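For reference, the chain that follows is the form predicted alone, supplied as structure tokens.
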């Protein structure tokens, strides 16, 4: 009968080095990257900010739009109040839970709408101004890396999960080494390109609840594929602080013009 001689510990350590090195070099999966993108942009504090949009249509006509945005991500409540143009001022959008309404201040009329609908007649959607929830709404596939001007960008292709309500059935994202989205293309279910976004800059914030750093869009350029309409969207005057619970009610929005 042969007797097994145990390997010395230093020999075992040498044998494990390649295994440990491979584990250390393993790249996170596409779904994990999407979760990290959401996490870097998520906050527990209430949110308020001003969105200013410059819309340029193919015929050269420009329009300026301004909206006040309020969010309580912990309960998914969302309110957007239009302040410009003047003929639409006082209207807005209110979401409580999963229900989204559009308010026409001139008519005093509420109407149910969806996340797919455009905001204020532009190519922007409600999801553009809501919290990042890519991991909840999409599954992701890694498309490898693309080198642009010496920088490696990770490409991901996202497909909407069944029974989710999203603005785009598919998305393609380019992430920089810090996992910032720098480019985003939205597709129809057929695969047709609907909109291309370039994130021009971010702003760094600090969540007063968690004391953790957050990144948030500062300026995004959006272009519609079919008509060529372009938007420059600026996120300004952002404040993270508690909001009144009365904000997220129809009566609050209606009362602004009384």
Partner chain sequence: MRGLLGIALRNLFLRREQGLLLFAVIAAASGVLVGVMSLSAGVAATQKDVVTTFLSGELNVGGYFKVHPDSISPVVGDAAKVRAVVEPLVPGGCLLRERGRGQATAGAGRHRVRSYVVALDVEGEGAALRRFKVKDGALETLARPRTVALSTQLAGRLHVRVGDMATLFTQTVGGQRNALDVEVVAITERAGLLGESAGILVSNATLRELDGYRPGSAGVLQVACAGVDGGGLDVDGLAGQFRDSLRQAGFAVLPPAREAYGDKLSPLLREGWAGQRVDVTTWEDESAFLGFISAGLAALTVLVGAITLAVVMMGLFVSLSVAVRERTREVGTLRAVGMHRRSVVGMFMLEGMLLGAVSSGLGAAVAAGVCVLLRDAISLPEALSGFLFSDTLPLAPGPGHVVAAVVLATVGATLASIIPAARASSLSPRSAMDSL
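Positions refer to the first chain, counted from 1. Remember, predicted model here, so these are calculated numbers, not experimental data.
There is also a form predicted in complex with its partner chain; it is not shown, and the following applies to it.
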property	result
Exercise: residue 86 in contact with its partner chain in the predicted bound form, heavy atom 4.5 Å	no
Distance check, residue 140 to its partner chain in the predicted bound form, heavy atom within 4.5 Å	no
4.5 Å heavy atom contact, residue 177 to its partner chain in the predicted bound form	no
Partner proximity in the predicted bound form: residue 117 to its partner chain, non-hydrogen atom cutoff 4.5 Å	yes
Candidate spot 32, 144 and 151, all three touching its partner chain in the predicted bound form (heavy atom, 4.5 Å)	no
Position in contact with its partner chain when the complex is considered in the predicted bound form, options 57, 206, 39, 200, heavy atoms within 4.5 Å	57
Among 122 to 130, 151 to 159, 68 to 76, 178 to 186, the region lying within 4.5 Å of its partner chain in the predicted bound form by heavy atom distance	122 to 130
Stretch 216 to 250 - residues with a heavy atom within 4.5 Å of its partner chain in the predicted bound form	224, 226, 227, 229
